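Here we start with a single chain on its own, the form predicted alone, put down as structure tokens.
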Amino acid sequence: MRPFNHTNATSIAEIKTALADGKTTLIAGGTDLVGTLKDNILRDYPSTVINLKTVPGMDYIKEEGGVLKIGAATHLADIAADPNIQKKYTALAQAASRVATPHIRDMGTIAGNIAQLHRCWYFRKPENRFDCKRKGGNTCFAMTGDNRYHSIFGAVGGCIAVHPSDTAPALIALNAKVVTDRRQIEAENFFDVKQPGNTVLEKDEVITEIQIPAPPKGAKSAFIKFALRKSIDFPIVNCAVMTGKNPRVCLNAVAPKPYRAIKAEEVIKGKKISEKIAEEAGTAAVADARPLNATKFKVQIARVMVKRAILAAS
């Protein structure tokens, strides 16, 4: 690991000032960043790492005015264990409980989980051995290389790496907002893989809170994940669903950003959920899939994940 300065921030204003130079990065749980720095995978290395956890009042779970509010530095383990989230915002509790291992959930934060970098062995190769599209290079090495876990819905910006977050599809299914120091962003619109950091955040913009409206009366939610191992593994495919009058279905690990399966939503809207309807929704969810030869198996997994998540939420 290269040397860098480390600062414990005391306010959001201090963080914004530090980030403005473009050579500073934030750390909260550090479960993604530390590995990134150790492996030296990026073109640019930060001169300063500023600690978000020392800013007062960034770790909380509360419900106000029918809105669940979660501080950006709230640990995933606390979200998974919260009785209110388990009952009313079930998909989020289930998603948080499936992230990696208990130790990583104790360290990792909700903001860090949605803002993490993509998983691709070319992108993540130590010492930046593959200066790929994701880093601003000219080639997506996965396109003609080993792409067995990559996108089934094509490339974005020439890159077929997939977004690995477990909590992101749950937040999108639950119609959440990402709150920063300057604006509110619909969770669905938070991800922009054509931008540095894969989000719409400006270089000096800081996530402060996640807000989730109370689910409509009668709505239920669920999250389901397929991975090769039950612990410390990223999803091959995951899916979150909220049923009800206006259902929402979101897949992840199938595209460069979380994939809202609108065609699946149309299948189940206004209908009593049955195994047949859920199966039809699963088929609709992957109707626009364009897999490569090595990723064709993921289409069937995504279809089944949507079906099972819908049934679990009904």
Partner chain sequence: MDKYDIIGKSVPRNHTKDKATGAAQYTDDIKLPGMLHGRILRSPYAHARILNIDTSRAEALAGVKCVITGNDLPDIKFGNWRLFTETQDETGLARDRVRFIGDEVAAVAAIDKDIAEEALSLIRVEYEELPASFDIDTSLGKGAPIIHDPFKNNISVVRKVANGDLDKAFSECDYIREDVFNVHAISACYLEPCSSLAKCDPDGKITLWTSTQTPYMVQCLLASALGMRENDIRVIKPHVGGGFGAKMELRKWDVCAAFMAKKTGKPVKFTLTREEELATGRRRHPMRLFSKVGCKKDGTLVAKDLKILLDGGAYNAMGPTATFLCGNFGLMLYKYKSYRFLGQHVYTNNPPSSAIRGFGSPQSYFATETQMNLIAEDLGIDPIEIRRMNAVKTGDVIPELSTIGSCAFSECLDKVIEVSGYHEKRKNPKKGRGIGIGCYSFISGGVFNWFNTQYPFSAAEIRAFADGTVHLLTMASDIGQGSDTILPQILAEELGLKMEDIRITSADTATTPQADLGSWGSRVTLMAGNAVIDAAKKLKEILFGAVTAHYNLNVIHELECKDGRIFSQVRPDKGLTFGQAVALAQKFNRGVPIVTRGSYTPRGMGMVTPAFSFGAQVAEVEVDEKTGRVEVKKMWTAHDCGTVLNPVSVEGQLEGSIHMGLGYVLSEQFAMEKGKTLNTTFLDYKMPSALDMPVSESICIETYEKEGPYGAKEAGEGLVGPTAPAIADAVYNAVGYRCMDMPITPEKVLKGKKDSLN
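A quick note: this is a predicted structure, and the numbers were derived from the prediction, not measured. Positions refer to the first chain, counted from 1.
The same protein has a further form, the form predicted together with the partner chain, not shown here; the description that follows concerns it.
Colleague: Mind telling me which stretch in 214-222, 183-191, 85-93, 120-128 gets its heavy atoms within 4.5 Å of the partner chain in the predicted bound form?
Modeller: Looking at the other structure, the answer is 120-128.
Colleague: May I ask whether M1, D146 and D233 all come within 4.5 angstroms of the partner chain in the predicted bound form, judged by heavy atoms?
Modeller: Per the other structure, all of M1, D146 and D233 touch the partner chain.
Colleague: Looking at V206, M107, A80, A227, which has any heavy atom no more than 4.5 Å from the partner chain in the predicted bound form?
Modeller: Contact check passes for A227.
Colleague: Report yes if any heavy atom of V306 sits within 4.5 Å of a heavy atom of the partner chain in the predicted bound form; otherwise report no.
Modeller: No.
Colleague: So in the predicted bound form, does Q300 come within 4.5 Å of the partner chain, heavy atom to heavy atom?
Modeller: Judged by the heavy-atom cut-off of 4.5 Å, Q300 is in contact with the partner chain in the predicted bound form.
Colleague: With the partner left out of view, is A294 within 4.5 angstroms of the partner chain in the predicted bound form by any non-hydrogen atom?
Modeller: Heavy-atom contact with the partner chain at 4.5 Å: present for A294.
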